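The chain below stands alone and is given in structure tokens; this is the form predicted on its own.
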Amino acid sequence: MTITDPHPFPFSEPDELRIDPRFEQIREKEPLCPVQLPHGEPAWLVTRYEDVKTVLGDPRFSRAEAVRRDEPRTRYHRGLPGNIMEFDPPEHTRLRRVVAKAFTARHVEDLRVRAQEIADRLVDEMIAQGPPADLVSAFALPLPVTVICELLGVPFEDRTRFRHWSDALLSTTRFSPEEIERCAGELSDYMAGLVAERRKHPQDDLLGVMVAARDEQDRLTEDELVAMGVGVLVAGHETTASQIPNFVHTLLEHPEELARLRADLDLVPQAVEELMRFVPLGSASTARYAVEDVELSGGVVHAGEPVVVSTAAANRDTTVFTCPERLDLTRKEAAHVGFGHGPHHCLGAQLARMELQVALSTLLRRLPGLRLAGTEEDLVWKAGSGVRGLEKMLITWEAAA
């Protein structure tokens, strides 16, 4: 097979949190689908669960090859030079090990108490002010931003600046190419400044660990150090900040499941996994290139051809999940691929899980009757971004008399 007559992709503009029905059609009839993304060369789109895991986890598919090619992508920005997504094992493994200890399940559990303190303080402030409140600006953003700032060693007071830069790097159409390049440069310079400051005044934080790995152990280059810092800062808060309001909105649309969760908060960890399966966050993965011919269920991907995957479509695969279009907080089936799979599986997955668990349990425990303030039309959704989510979500609750 060769990539001819590609379909424009994404198939449509994101429609809130709904998945385009064409994903189901091609998963059934065209599991190896030729597509043309907004940037880069044509690619194969893979949507079946097992195929997605193969592309993401099989060493016959390479991320490093994308650096040498006009990589298919939905976003203009390709990432800073030396970022961890440019590498395959063993180079990728070398970089990942520098920061991996900070994101182990044990270390993340040690952070849970602090995350709970932050969540309770934010809700205290919401209650003191009284409803309505914007869930995004009052809670969903400051919770993970505070956690990652403290973990990495970034001043929280700089959050407005690095949120703007982060939005630019994740932009599809919201920012111009010139604005994206400028913001990428400013964010890189900002992180380089923090690195220089840490060299002058060493601290016991993740950035300090990374600087020591560079200066004392020669485990990464200067470009890799700066790119790693930027990657941890951006990815370390974006998923949680977007998915908190996404999850709350989804639960409000499924009142029976919401009632079940309110009645038994012990279900929260399982609910987070089901919501990660059910709620789409992005449109397509970063591309992988076949380094040899690989047979997938829809045909053969030839050596040198790029492949992108839709984890959202894979998470709705009917051969893997029973009634996948139904939200079921008690579901116990195959693991979702919402955090990816294989060597590039989300480094901060355990941190995001913990933060999402803390967020949901705190909101449901402390804000009785949590609901939208106003109508669906009052919600403000992100536009022109590679990440789906809400920019503004006014909520209300049963305030104490």
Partner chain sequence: MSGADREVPAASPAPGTRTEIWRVRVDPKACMGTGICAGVAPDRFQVRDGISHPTAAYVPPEDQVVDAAESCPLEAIRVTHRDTGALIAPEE
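The shown structure was predicted, so the numbers you read here are calculated from the model rather than taken from an experiment. Numbering follows the first chain given and starts at 1.
Beyond what is shown, the protein has a form predicted together with its partner chain; the following relates to that form.
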> Looking at 98, 227, 313, 233, which is the one with a non-hydrogen atom within 4.5 Å of its partner chain in the predicted bound form?
Replying inline: 98
> its partner chain isn't shown here, but in the predicted bound form which of 252, 180, 268, 209 has a heavy atom within 4.5 Å of it?
Replying inline: 209
> Which one, 98-106, 137-145, 184-192, 302-310, holds residues whose non-hydrogen atoms are within 4.5 Å of its partner chain in the predicted bound form?
Replying inline: 98-106
> Even though its partner chain is not shown here, does residue 343 get within 4.5 Å of it in the predicted bound form, heavy atoms only?
Replying inline: yes
> Just to confirm, residue 350 within 4.5 Å of its partner chain in the predicted bound form by heavy atoms?
Replying inline: yes
> Is there a non-hydrogen atom of residue 59 within 4.5 angstroms of a non-hydrogen atom of its partner chain in the predicted bound form?
Replying inline: yes
> Though only this chain appears here, would residue 130 touch its partner chain in the predicted bound form if you measure heavy atom gaps against 4.5 Å?
Replying inline: no
> in the predicted bound form, which residues of 205-221 put a heavy atom within 4.5 Å of its partner chain?
Replying inline: 209, 217, 219
